[in-house]
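Only one chain comes next, encoded as structure tokens, the form predicted on its own.
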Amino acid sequence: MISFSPSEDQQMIVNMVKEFVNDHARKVYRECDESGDIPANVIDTAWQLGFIASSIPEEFEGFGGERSALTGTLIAEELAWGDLSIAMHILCPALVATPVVEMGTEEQKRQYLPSFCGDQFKVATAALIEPSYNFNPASLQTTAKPDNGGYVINGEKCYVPLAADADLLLVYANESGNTQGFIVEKGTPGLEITEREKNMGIKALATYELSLKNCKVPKENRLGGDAGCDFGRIMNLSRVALCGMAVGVARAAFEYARDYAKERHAFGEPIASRQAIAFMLAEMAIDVDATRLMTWEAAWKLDRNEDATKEASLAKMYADDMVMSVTNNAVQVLGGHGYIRDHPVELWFRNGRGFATFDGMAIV
């Protein structure tokens, strides 16, 4: 029998995230978007909640909780409902921690995982996206070639969150036709990080372009060692994370537009009573719920260690369109007010527009 209700533990986690979001993220998200910066106390408070450490085994100094993609999507949705930039910043260390937990060698786990379990926010990130019109995660232009018992990496990356401050970067590169991950530590010769990117959305999240020019890493830094990594599973875990975030952003926009339509009066009645507005809101609600269920299905299969490529890919494709449509309709419901910064729907619209390009920028 299929249950659509979170378990007791999952509901407790969701409630904890909701409390954090209402007490912190929702109070500063507009200020963060305007300033391009997130207050350190917000990140520190989130870190203490243990979103990363909770899924790291106790033997590597983590909390030893059960890893669950479905629980991760619930967390991602609630955090993104608060603010997408803050959500991506908070969960950014998982871009390294999750692949190492799932696919790292014992030595890699011992070396890197304890650093994600300390009292201070661990800045780590992943570099997948390339500045190319024909970017394909399965056929990267960034290359990794064996050299003197190690690897030499060459290529360009973009949309790398927190890269300037990251101690660890998981760089994805094409090795003999297959996408593999390589752990690159801060200060490695050949790793060059450019100035911060200026984006249309996620303006509070610092993202960077980086260049790898004959960047040498030891063979021990190849994710998974000689066995390599299951990049397909990494991408599926990323897809469901981004789907969860898309649902969160779209839900925020829908709820705001719905409440506005109930309160805004024109010609003596709430505009929500107008059929065109009511039908638009109904379609928005349907699309949000449909995307959530598609995401849960893909995450459920991932938790069962089944191949969820079809489900995750379809959910991601649907979510990319859904979040654009819902946030655009939210702007439409508010009319002229939707275009000004007095209301947050324009912010959610800008953030929603980016999901089609956020490949690999989040993971559960």
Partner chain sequence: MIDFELTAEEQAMIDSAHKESLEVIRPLARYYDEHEHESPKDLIARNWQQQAEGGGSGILGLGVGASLRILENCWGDAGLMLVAPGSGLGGAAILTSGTQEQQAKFLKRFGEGEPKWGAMAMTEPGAGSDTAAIQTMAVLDNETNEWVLNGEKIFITGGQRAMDESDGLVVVWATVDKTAGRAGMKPFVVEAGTPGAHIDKVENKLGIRASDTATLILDNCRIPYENILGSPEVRKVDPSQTAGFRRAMATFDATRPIIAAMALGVGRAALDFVKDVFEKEGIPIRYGLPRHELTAMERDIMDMEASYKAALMLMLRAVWMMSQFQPNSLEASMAKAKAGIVVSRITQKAVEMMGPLGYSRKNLLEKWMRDGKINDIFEGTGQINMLIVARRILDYTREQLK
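Positions refer to the first chain, counted from 1. Everything numeric here is computed off the predicted structure, so don't read it as measured data.
Below: the form predicted together with the partner chain, not depicted.
Asker: Counting any non-hydrogen atom inside 4.5 Å, which residue from I129, L162, C117, A272 sits next to the partner chain in the model of the complex?
Answerer: Exactly one listed residue reaches within 4.5 Å, namely A272.
Asker: Give me the residue from N136, T194, N178, T105 that has a heavy atom within 4.5 Å of the partner chain in the model of the complex.
Answerer: Checking each option against the partner chain in the model of the complex, the one that comes within 4.5 Å is N136.
Asker: Does the partner chain, in the model of the complex, lie within 4.5 angstroms of each residue among P6, F254 and R304, using heavy atoms as the measure?
Answerer: Yes: each residue has a heavy atom within 4.5 Å of the partner.
Asker: Taking the partner chain as it sits in the model of the complex, is D167 near enough to touch it, meaning that at least one heavy atom pair lies within 4.5 angstroms?
Answerer: Contact with the partner chain, no.
Asker: Using the partner position in the model of the complex, report whether F267 sits within 4.5 Å of the partner chain, counting heavy atoms only.
Answerer: No, F267 stays farther than 4.5 Å from the partner chain in the model of the complex.
Asker: Heavy atom to heavy atom, is H337 within 4.5 Å of the partner chain in the model of the complex?
Answerer: H337: no contact with the partner chain in the model of the complex.
Asker: Would N22 count as a contact of the partner chain in the model of the complex, using a 4.5 angstroms cut-off between non-hydrogen atoms?
Answerer: Residue-level check for N22: no, no contact with the partner chain.
Asker: 86-94, 213-221, 140-148, 258-266: which one contacts the partner chain in the model of the complex at 4.5 Å, heavy atom to heavy atom?
Answerer: One stretch meets the cut-off, namely 258-266.
Asker: Taking the partner chain as it sits in the model of the complex, which residues of 298-315 have a non-hydrogen atom within 4.5 Å of it? Please list them.
Answerer: The stretch touches the partner through W300, R304, T309, K310, E311, S313, L314.
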